[in-house]
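Heads up, what comes next is one protein chain in two forms, each shown on its own as structure tokens, labelled structure 1 and structure 2.
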Structure 1
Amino acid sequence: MTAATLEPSSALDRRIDAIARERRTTRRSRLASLAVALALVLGTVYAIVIKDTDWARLTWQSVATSLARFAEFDTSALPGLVDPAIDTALMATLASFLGLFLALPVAWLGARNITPLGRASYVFGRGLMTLSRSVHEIVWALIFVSAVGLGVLAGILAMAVRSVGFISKVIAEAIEDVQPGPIEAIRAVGGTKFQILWYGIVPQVLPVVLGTVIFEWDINIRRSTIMGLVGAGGLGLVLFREMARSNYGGIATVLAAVLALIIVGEFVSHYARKAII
């Protein structure tokens, strides 16, 4: 064999070797991450199921008896749940509206193309969005109780503030994607900044905004069940009252009512969003 035919084949060999080596390392790193994940599962199972759980007190019988207590469905309570259910829906509505109003200035700050003070206000707006989403509604509720006391107001404020992050994020992204045509047209005829915002941007993002608020309304119904903790009314308050009385049948009934309300809410939001878009 001559050197001329030998060299290309060795180059080919090298390439084949390289590919094989890469495959081996990929497979090895994939196996390694799988092993780490599995080891972590075993570690957490040991910490939680074996070390932390008192199996002497927790037996199949005890679980079965506590489950059975929930099965005593308290149907007599159902008619009395209609009013609280309406309250819950209204609370979610108010919280979503308030969330929208609070979200508008945040979206204005956090939309790259219209933020007033450049990078500083953009980062500030985005930071507010992250803060709103990062703090759980329970924590927000506890914070607002310190300001306005126990009651509906604290619950609504907590849900509204928690909604701000998502609503304003979606609005800001919609604003960043607007068609520049109408804005340029308004600017060309000498429109002010506010006129650009009101006539150029708002009509373009309105469907997205309304769709998001309806979506958030749905979530706020779920959240309002937990606001009974801070004394906000509706099904959440009934639920916490039943829990304080250890009336398990009543708890199950209230939860069924919550589920029914959420199914109704999902239908409403589905059709409302269809009507808008």
Structure 2
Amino acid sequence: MTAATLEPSSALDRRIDAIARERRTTRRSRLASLAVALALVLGTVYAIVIKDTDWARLTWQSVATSLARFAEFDTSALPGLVDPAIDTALMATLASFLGLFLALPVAWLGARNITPLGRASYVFGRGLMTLSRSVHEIVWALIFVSAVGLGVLAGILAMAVRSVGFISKVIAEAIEDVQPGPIEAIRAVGGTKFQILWYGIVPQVLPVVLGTVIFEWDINIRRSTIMGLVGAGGLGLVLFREMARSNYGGIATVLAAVLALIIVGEFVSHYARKAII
């Protein structure tokens, strides 16, 4: 066998050895990363759960006693929950529509392929999305309560502003992923920018818009139940009052009403998605 015949075999062996070493290195890196992540998780659990928990109070008897308090439903509070439950549902509905109305121009600014002023408006639109999502709805509620006073309006505005970030981000990304064919066809026949937007982009992203709004309404049902904790009306306000009175039965009754409202919202959003999308 000549040296010319052995050379390709030797090169192949070196290549196989290099691949094997690379795989071993990758495996070690993954194991090291997993070990570091596990150590961080265990350290966090120890610092904020094990170390800071009063384990002397945590007994089966204390847990059973607390659960027994909540098991005594205050049925006398049920008639007073009808109007707050309606307020909660209406808050979620109005906040979702207002959030969509505010999210459309933000999505227009934050979609790279249609943003009007190039990078400047794109960065501005993306910044608005990030700001909306970064601030919790409770914080927004505190801001609007101080601005417009206690009541349902503050809760609606808080949830609407909180919804802008999610709705506009999903719509903007859907706009960036549209098929270019219809847009190029409209542009080729001399269509204006508005015609391109209305006839080329809107039909493609409309199912995404409808699905996102329905999903956000489902989320706002949950959000609206806690808006009352900062005086923004609805079932949350009733819950806060029962908590201030230490009425455990009343708290359990309000929580049951919240759960029932969320279940109804799940059914409504499910069938709405099937009917519209």
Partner chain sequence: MHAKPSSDAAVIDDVEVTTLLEDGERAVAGDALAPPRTLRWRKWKRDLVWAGLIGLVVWSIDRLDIPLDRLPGILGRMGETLMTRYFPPDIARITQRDYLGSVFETLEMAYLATVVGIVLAIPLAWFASANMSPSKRILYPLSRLAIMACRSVHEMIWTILAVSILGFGMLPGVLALTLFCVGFAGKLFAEAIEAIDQGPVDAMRATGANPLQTFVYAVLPQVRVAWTGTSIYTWDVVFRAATVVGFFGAGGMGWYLRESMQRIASQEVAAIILSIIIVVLIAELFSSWLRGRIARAIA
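Remember, predicted model here, so these are calculated numbers, not experimental data. By rigid core we mean the largest C-alpha set that fits within 1.5 Å across both forms. The first residue in the sequence of structure 1 is number 1, and each one after it adds one.
The first of the two standalone chains is derived from the form predicted in complex with its partner chain.
The rigid-core alignment places the CA of residue 222 less than 2 Å apart between structures 1 and 2. Core-superposed comparison between structures 1 and 2: the Cα of residue 98 travels less than 2 Å. Comparing the forms between structures 1 and 2 on their rigid core, the Cα displacement of residue 131 stays under 2 Å. Superposing the rigid core and comparing between structures 1 and 2 gives a CA shift of 2.3 Å at residue 240.
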